[in-house]
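As structure tokens, one chain now follows by itself in the form predicted on its own.
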């Protein structure tokens, strides 16, 4: 073979240089989640899920993970002692099954939204410590067992640490002592051995005393052999405050203990009225939160606390504030939604 022909043959036979991967931009949050290998979810308003077709359509199109906003809280599932009302929680779980969504159970033990029969009985002394412990065990066992195999992760204990780093003086701590936390995790694990079990709290993104106490709780539970698998960062942010710039490093401190990490209740509120500048700042906070999550290998879930301003909890709790969600009242995507879609892998 002539030299020129031989050289041309070798060039043609050589493998082409590797092309840089440029996946097309995700069309929605489900596709974004798939590209990044995480779950992106939302809290769900059950009344809206039932009554509003446009709400259902967006929820089921966009999210691969769901949390009941209120339907699994104690006052909702057992408003009268021994009388269980599972219809709302069941509706969430069934809708998730039909739409290939995983479920976060929220929450088994909290100091809020307890049924009146329980708080009144403790306050007037008709329910003593021994009976209270049995009531708590039965509640956790009944609820976790009902949804065994249908819940990816449970918020087992919710908001047990004050902002100053002290333990919250709930009826559980006051009457059962700090051991109720370990008991709750053990009971939940026995009822559903495959669910991931979390401790969940707010202001963990930045509050040093709360961070240190929560780390100590986790280490103590692990030393006792208690099955704890994850840490939930609620992430209720406001653009009038600085973004918690050390959040990723805080996540890593918990991940270094062997825990899964999840952003469980993210929203970013603002002082009303809404302006384009405020929406741009909000979008940047959402983008940074997802980027922080993705920078930590153990971060497996990114859930917003409601996806539409139509049903946001924020205005009711923070007068004069709102517009905290990814979609507006008419379910139009806001700049924050597009900011999430723009986050690149790696």
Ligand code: 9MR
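Residue numbers count along the first chain shown, from 1. It should be emphasised that the depicted structure is a prediction, and the values quoted were computed from it without experimental measurement.
The discussion below concerns the form predicted in complex with this ligand, not included here.
Novice: Spell out, yes or no, whether the shortest heavy atom distance between residue 169 and this ligand in the model of the complex is within 4.5 Å.
Specialist: No, no contact at 4.5 Å.
Novice: Is the gap between residue 104 and this ligand in the model of the complex 4.5 Å or less for some heavy atom pair?
Specialist: Looking in the model of the complex, residue contacts with this ligand do not include residue 104, since no heavy atom lies within 4.5 Å.
Novice: Taking the shortest heavy atom distance, is residue 214 within 4.5 Å of this ligand in the model of the complex?
Specialist: No, no contact at 4.5 Å.
Novice: Is residue 265 close to this ligand in the model of the complex, meaning a heavy atom pair under 4.5 Å apart or at it?
Specialist: Contact with this ligand, yes.
Novice: 112-120, 135-143, 90-98, 206-214: which one contacts this ligand in the model of the complex at 4.5 Å, heavy atom to heavy atom?
Specialist: Flagged stretch: 112-120.
Novice: Only one of 321, 281, 70, 291 comes within 4.5 Å of this ligand in the model of the complex by heavy atoms, so just point that one out.
Specialist: Answer to the contact question: 70.
Novice: Of the residues 159, 183, 192, 78, which one places a heavy atom within 4.5 Å of this ligand in the model of the complex?
Specialist: Exactly one listed residue reaches within 4.5 Å, namely 159.
Novice: So which bits of 24-61 sit within 4.5 Å of this ligand in the model of the complex, heavy atoms only?
Specialist: The stretch does not touch the partner at all.
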